[in-house]
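Presented as structure tokens, the chain that follows is alone, the form predicted alone.
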């Protein structure tokens, strides 16, 4: 989803600093966007480490002369597909660190630059489980509920500074995390897990990461300024049930 978002932004001529914890993925991304009208730079970092986040935000500001928006996408799965009483405390801590703390830091250190710029857009990534729940997903569900709460709070706190904050919430996607979820649902036959996720969507498939990324890019670049503090499902009508 992150790569899809950068590709779409690059096609629009938007300069981007792309962050990942793995260099190989960033190298593939740079090859994908070669020849685009935008300047795409990359860096490796732990997005849940305050020092790392401060460093790459400063790098982007120095390179581009300021910031107009941030798309916080990084996340991990549930870690252990067990009932809450059987999940290790360390698993909860790590899921909250990567999924919730990273969004907190991604907003905290970008916000002053958006305010200085006269406003901007924040897009965070939630999940269908950001306002629903599922068995054996307690830590993940908690982390994504937290992201919704933070996003709405920032929308209220910084609205007078012309900063918009929204959250895009996919259900299952054709990603490595989707495969992890399928294996967690049925370790013996992940195809059964995929089918369960497929059956939750009215259109009979899971989302493509490009679809969720496109909603986030719209919120960054095209959404009316009055759109803020909103949860945007991208879940094949799963939320309509």
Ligand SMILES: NC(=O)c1ccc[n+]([C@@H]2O[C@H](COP(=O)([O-])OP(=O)(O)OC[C@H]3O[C@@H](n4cnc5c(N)ncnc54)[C@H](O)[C@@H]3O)[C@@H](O)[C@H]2O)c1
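Residue numbers count along the first chain shown, from 1. What you are looking at is a predicted structure, and each value in this text was computed from that prediction instead of being measured.
The protein also exists as the form predicted together with the ligand; that form is not presented, and the subsequent description refers to it.
Engineer: Note which of 47, 40, 61, 185 lies within 4.5 Å of the ligand in the predicted bound form, where distance is taken over heavy atoms; exactly one does.
Structural biologist: In short, 47.
Engineer: If you check 105, 74, 155, 96 against the ligand in the predicted bound form, which one has a heavy atom within 4.5 Å?
Structural biologist: Looking at the other structure, the residue within range turns out to be 74.
Engineer: Report the stretch among 109 to 117, 123 to 131, 84 to 92, 158 to 166 that approaches the ligand in the predicted bound form to within 4.5 Å, counting heavy atoms only.
Structural biologist: Among the listed stretches, the partner-contacting one is 123 to 131.
Engineer: Does the 4.5 Å heavy atom contact test between residue 171 and the ligand in the predicted bound form come out positive?
Structural biologist: Because a heavy atom of residue 171 falls inside 4.5 Å of the ligand in the predicted bound form, the answer is yes.
Engineer: Within a 4.5 Å heavy atom cut-off, is residue 1 in contact with the ligand in the predicted bound form?
Structural biologist: Result yes; residue 1 sits at the interface with the ligand in the predicted bound form.
Engineer: Does residue 178 make contact with the ligand in the predicted bound form, using a 4.5 Å heavy atom cut-off?
Structural biologist: The answer is yes: residue 178 has a heavy atom within 4.5 Å of the ligand.
Engineer: Can you work out whether residue 22 and the ligand are in contact in the predicted bound form, taking contact to mean some heavy atom pair no more than 4.5 Å apart?
Structural biologist: Output for residue 22 is yes: heavy atoms within 4.5 Å of the ligand.
Engineer: Even though the chain is shown alone, can you say which residues of 141 to 164 have a heavy atom within 4.5 Å of the ligand in the predicted bound form?
Structural biologist: Just 144.
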